[in-house]
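Encoded as structure tokens, the following chain is the form predicted alone, with no partner shown.
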């Protein structure tokens, strides 16, 4: 067993604010992070669905990846850095328009997912050849080492996780609130980035929704992060939200949590993320594990991540076995809980391909007792991203 103490854990620049707000703090990915505040997980979940929730995601890993050939400019510079990154991921980065963002995965040689990440092309004409990456907190050290080693001589990684904080504002009122301080927010399209000024400092805002709601990620200098967070929290629509509600929100949205729903043993096809591999990449390949992944796209993967709706009111948690009518294990739940908005237990997990079709009856072994369930479509709630 480890002997990690609270003193050993890293703290984000908003740590003092979390404690001041009465957050219950827990270890997460090496950081001391808020799991819930005074509203509680259920209250925070519903508040985000109805108004706007502010999340501290400063533990994640933002970085810039820049083309090393300084003789290149404009589209040629973008193509060079995109071509380099595409040797590590299956996403179409060459095809990004200036300011456009894309979800993709960092792959190992077998096509397994080392991490999932967001990649954004710079909007500024003088910064083409530069990509903005955001990776997961628990993977960032390995991710950055891997990228630096694999792309040495072609692209240079500049980590900014020590100097900048990341906030996320999610919910149907997020746009209205953020536009009071950053007028450009309302004009930002879904999955786009814009450079703005916050508290007199350069900042980046992107528009996406990992809760199933419209929302923003705000990358600001550490020195102004707390002041800006306090301004947002002073708005009547905004409440602080912890990791507990983040988990139930993203589960209802049918979105993967790295280390639970995806890891190095799962391919993007098995994880039902084939949509993130564009037509050109499917035709050209050229990414790690391409032969295996393209074969699974053509012929089907041996297992697939599916949505699961257990009968009754009790949740089926991560690790619950899925069995067929003869008691043979055919899969495992990777995320599960009660969905406050769905008002029912919801889960996702992997089952063998014969049982992956929508409407297929399943049996879950919950605390040793069989319980009926069914394969259902995801998400479990209506997504309200801005399109």
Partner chain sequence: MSTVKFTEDHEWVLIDGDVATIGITNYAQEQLGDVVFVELPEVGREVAKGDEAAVVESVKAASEVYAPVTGEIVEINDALDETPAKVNEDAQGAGWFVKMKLSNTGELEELMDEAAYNTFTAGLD
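Residue numbers count along the first chain shown, from 1. Computed from a predicted structure; not experimentally measured.
FYI, the form predicted in complex with the partner chain isn't displayed, but the following is about it.
Interface residue among 99, 315, 138, 288, judged by heavy atoms within 4.5 Å of the partner chain in the predicted bound form: 315. When the partner chain is considered in the predicted bound form, only one residue from 105, 120, 267, 248 comes within 4.5 Å through any heavy atom, namely 248. With the partner left out here, the partner chain still marks one of 352-360, 61-69, 34-42, 327-335 in the predicted bound form; by a 4.5 Å heavy atom cut-off that stretch is 34-42.
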